[in-house]
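Here we start with a single chain on its own, the form predicted on its own, put down as structure tokens.
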């Protein structure tokens, strides 16, 4: 134990050379919307331009790392992580407008970015306003809602390529956007994205935002601790409907429960652990597979173990 503490102290001292904040032993349950997950050492990067240097520093020491976004679509194991969780700090001027084009920092809140765009009479992405998390996270998984996917509007992405340690600017033709997935690698870190949006009167955009929010409030447990949809919809199927048809709404494992409002949501209702949620996911996957012959694929990002 003393050796580990000394290593942490030494690492914290060396990190003073970078514009970062060191948060050792941070409980991931405090950083994720599901409110589960054990301890991890978190490094918050204040200047995204220093990201290559920080990653090179950890690699030179053989220390594994992961990217932590807004934590809204993340399930972390109870035992915590051996790897470092890197997190980009939000930029003060994270949304820059140039006609119908807008460059948005990846660390910016997606909902806030949608609202900022609306105030500048730029629409098309109103359906994303209630999707929690950061712009970078939404981009990495091509987030979508109510007929809108963020990938449709992408004109450029500034990304740190984990494989090369370099920062690149990618055009949309070099990126594959599909349903809830993209061609970005797991260790690619989004820095910013340029979107080309649709010029519309602010009043029309706000009306669309209201409509989407009403639908979301009526069909999703937005006031409870969750990570959104747990599983993707297989082609031709609705995961929520399959689980609902099996009468599984309200099923519990420990403090975790299949939402009685949306069957593809698991909510942390009574101090659930990650293990509770994993067990509930296993039952959902097994019963859907047995009854419908469909293999469910996780939509939630799962950190089961350190790399």
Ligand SMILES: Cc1cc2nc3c(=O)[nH]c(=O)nc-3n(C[C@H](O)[C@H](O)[C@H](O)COP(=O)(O)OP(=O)(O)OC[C@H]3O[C@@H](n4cnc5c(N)ncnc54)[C@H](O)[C@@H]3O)c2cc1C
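Numbering follows the first chain given and starts at 1. All values reported here derive from a predicted model rather than from experimental measurement.
Not pictured, yet referred to below: the form predicted in complex with this ligand.
Enquirer: Consider the chain as shown here, without its partner, and state which of 121, 83, 233, 72 has a heavy atom within 4.5 Å of this ligand in the predicted bound form.
Expert: When this ligand is considered in the predicted bound form, the option within 4.5 Å is 72.
Enquirer: Within 4.5 Å of this ligand in the predicted bound form, heavy atoms considered, which of 132, 94, 172, 100?
Expert: Going through each option in turn, the one that passes is 132.
Enquirer: Based on heavy atom distances of at most 4.5 Å to this ligand in the predicted bound form, which listed stretch, 270 to 278, 243 to 251, 61 to 69, 37 to 45, is the contact stretch?
Expert: Of the stretches listed, the one contacting the partner is 61 to 69.
Enquirer: Is residue 180 one of the residues lying within 4.5 Å of this ligand in the predicted bound form, judged by heavy atom distances?
Expert: Yes, residue 180 is a contact residue.
Enquirer: Wondering, does residue 228 line up within 4.5 Å of this ligand in the predicted bound form on heavy atoms?
Expert: Answer yes; at least one heavy atom of residue 228 falls within 4.5 Å of this ligand in the predicted bound form.
Enquirer: Using 4.5 Å between non-hydrogen atoms, is residue 197 touching this ligand in the predicted bound form?
Expert: Although this ligand is absent here, residue 197 would stay clear of it in the predicted bound form, with no heavy atoms inside 4.5 Å.
Enquirer: With the partner left out here, check for me: in the predicted bound form, does some heavy atom of residue 26 sit within 4.5 Å of this ligand?
Expert: Residue-level check for residue 26: no, no contact with this ligand.
Enquirer: For the three residues 113, 154 and 213, verify that every one has a non-hydrogen atom within 4.5 Å of this ligand in the predicted bound form; reply yes or no.
Expert: No.
Enquirer: Quick one: name the residues from 170 to 195 with any non-hydrogen atom within 4.5 angstroms of this ligand in the predicted bound form.
Expert: Heavy-atom contacts to this ligand in the predicted bound form: 180, 188, 189, 190.
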